[in-house]
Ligand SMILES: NC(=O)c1ccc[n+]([C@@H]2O[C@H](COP(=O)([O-])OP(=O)(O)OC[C@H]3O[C@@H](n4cnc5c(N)ncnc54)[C@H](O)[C@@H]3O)[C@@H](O)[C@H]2O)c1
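There is one chain below, alone, in structure tokens, taken in the form predicted on its own.
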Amino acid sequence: MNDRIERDGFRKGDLVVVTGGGGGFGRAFCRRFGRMGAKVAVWEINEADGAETARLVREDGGEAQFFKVDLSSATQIDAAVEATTRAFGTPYCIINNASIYPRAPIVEMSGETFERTMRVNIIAPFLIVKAFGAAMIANRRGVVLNIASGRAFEGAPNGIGYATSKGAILTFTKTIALEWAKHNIRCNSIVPGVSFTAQPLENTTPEELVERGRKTIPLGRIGYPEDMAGLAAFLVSEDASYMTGQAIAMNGGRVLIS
């Protein structure tokens, strides 16, 4: 039986918007999609890092442009949306990757720090999806990928803002999936494990991080940004066209979700 509903997926030339594209997971997403033939909008607050990612994408044979944006500012988000649309058109995929992780005990964390964490980690994704949403709905195709964290399930001592925002990302994902399914737009979240990125290396060495992976992760290693990029490539593909509203863990078995 054929229901005549097209199994849509990423097509060469589609636009992918990646927040926090200057390094870590974000750079890996940008480079992977550039190699797949995407137009890549690199959103990043650090000008040198964002420009370098765009250069690497072009070096790989892809098309990319860097857009400087502070995600704590609604005004800058609006400007980046306008500039991205002017340069490339409507996104096929938005990857809400950027986040911040300020550390302090609850009683020592300032309200201003907690509020900024919410603005960057969950309010910015909302504003971005809302801003691009009407055009994506008009196109009747698209994918939103939100980067969550195992901290959404376990909590984060000395990181209440980060854990709270990542928990919110999960329900944010489910709500977009339910509301936009009728428009043929899917939304899933990726739950990365500890990986070779700047965040876990803030308080340790690469050697200590590798040893931590051997001791605490069932598969015996930490992750790499390219692991998450590979999952993202699958989630935008036709092969994942029946998957929406899900949290998919890529963490070597460290946090098991069901």
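Model, not experiment: these values are computed from the prediction. Numbering starts at 1 and follows the sequence shown.
Not on display, but discussed next: the form predicted in complex with the named molecule.
Looking at the named molecule in the predicted bound form, residues P91, I128 and V144 place no heavy atom within 4.5 Å of it. Among the residues I45, V210, A51, M36, the one placing a heavy atom within 4.5 Å of the named molecule in the predicted bound form is I45. S72 is the sole member of T113, T164, S72, N184 with a non-hydrogen atom lying within 4.5 angstroms of the named molecule in the predicted bound form. Taking the partner from elsewhere, A198 is found to have a heavy atom lying within 4.5 Å of the named molecule in the predicted bound form. Contact check for I100: a heavy atom falls within 4.5 Å of the named molecule in the predicted bound form. Taking the partner from the other structure, the named molecule in the predicted bound form has no heavy atom within 4.5 Å of any heavy atom of A229. In the predicted bound form, the named molecule lies within 4.5 Å of some heavy atom of G23.
Annotated contact segment (heavy atom within 4.5 Å of the named molecule in the predicted bound form): 115 to 123, selected among 130 to 138, 170 to 178, 115 to 123, 78 to 86. In the predicted bound form, I147, A148, S149 are the residues of 133 to 159 with at least one heavy atom within 4.5 Å of the named molecule, listed from first to last.
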